[in-house]
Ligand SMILES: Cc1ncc(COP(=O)(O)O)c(C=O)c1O
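Here's a solo chain for you in structure tokens, the form predicted on its own.
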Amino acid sequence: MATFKDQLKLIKSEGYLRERDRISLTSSSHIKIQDRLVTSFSSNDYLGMSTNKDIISALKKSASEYGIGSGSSPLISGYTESHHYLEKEICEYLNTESCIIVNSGYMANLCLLSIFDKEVNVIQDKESHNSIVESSKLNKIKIHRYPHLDDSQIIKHISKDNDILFSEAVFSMTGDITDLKNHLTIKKKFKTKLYIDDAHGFAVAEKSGDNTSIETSCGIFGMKPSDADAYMGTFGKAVGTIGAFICGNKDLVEMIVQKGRPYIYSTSLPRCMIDATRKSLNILAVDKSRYIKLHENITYFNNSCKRKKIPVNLNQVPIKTVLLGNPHLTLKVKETFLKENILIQAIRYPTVPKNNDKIRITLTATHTKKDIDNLLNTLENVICEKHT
């Protein structure tokens, strides 16, 4: 058996060694790394809410009154009035029947597939987030994976008995958008369940006739979160705090309370963080200035890429990627950007399939046009060098 040292040596030689950038955060768009200030295009804090003074004040006030830890799991003594009210408020924001708060988006997806007594068939995109993949490896789960965005293949995997179509609304590593309307059509026609992971669409998705006060990817297609059997969103991205939630009918939520092992056996999120999340959502429901600024930045980026013929996805989402296909080149490109005081992320296998290595860029409401111009100038030079 190869030692860990041998395994690590092999991982490094293949270009897949993961390293952590040690940073000092100042905002969602500017951080200190290696003792210098750089413009960051690697944060999922899309609306800059993590440094909002009103939210920080709410957290401090709650921490002063209730402490900084919850002390136990939600079924012992970790389920506070704040947790209860946050669940009720999300139902009101999204017009859903019931809601449950969990510690992370990863945990939410694990919970959703840990509640079944008999075997279920889970149908998912091959490029689904790892949390969806891993949640589908639980006991009594059969996984069927179809080629990325190829909905024509979904029907081949439907068994007409306990089928769940588990869809990532916005793909975290590509910025691609799932055709949720088509998935809803499949759900209705074949009587499957539809679970939607909207981690990267909740509170930032492009509005299109959505009648909720917080934006969702469902709204892009004229749908509602309640059209799905389960709708999941996170707080660690656009909301700027930490944690996640699952919306569905009362029976689904009650089953998670009864049988969702990651929920039952994990210490609850602290009440002060829940109160900060409540404050953030309250702001986002009524003040759309950050949302508008983010979409102005996305549109500016997209139009500039069209003009410069830079090959990126042009969806109206904050995630932008450039496919490079080689892990060593991807790391080299990241270093090239860092020399220009710009931080982007090098995404490699196993986060993405082999030969799909790419750089990942995330736009936020706190970026300026000058920030974006500097990014695009470097990106344009990288693309030119790649093709010479």
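Note that residue numbering follows the sequence shown and begins at 1. Values in this document were obtained by computation on a predicted structure and should not be read as measured data.
In what follows, reference is made to the form predicted in complex with the named molecule, a form of this protein that is not presented.
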The named molecule contact in the predicted bound form: residue 277, any heavy atom under 4.5 Å: no
Residue 106, heavy atom within 4.5 angstroms of the named molecule in the predicted bound form: yes
Residue 125: touches the named molecule in the predicted bound form, heavy atom cutoff 4.5 angstroms: no
Residue 228, heavy atom within 4.5 angstroms of the named molecule in the predicted bound form: no
Candidate stretches 70-78, 98-106, 304-312, 181-189 - the one whose heavy atoms come within 4.5 Å of the named molecule in the predicted bound form: 98-106
Heavy atom within 4.5 Å of the named molecule in the predicted bound form - the one residue of 131, 114, 297, 212 that qualifies: 131
Position in contact with the named molecule when the complex is considered in the predicted bound form, options 216, 268, 135, 172, heavy atoms within 4.5 Å: 172
Residues of stretch 243-271 in contact with the named molecule in the predicted bound form (4.5 Å, non-hydrogen atom): 243
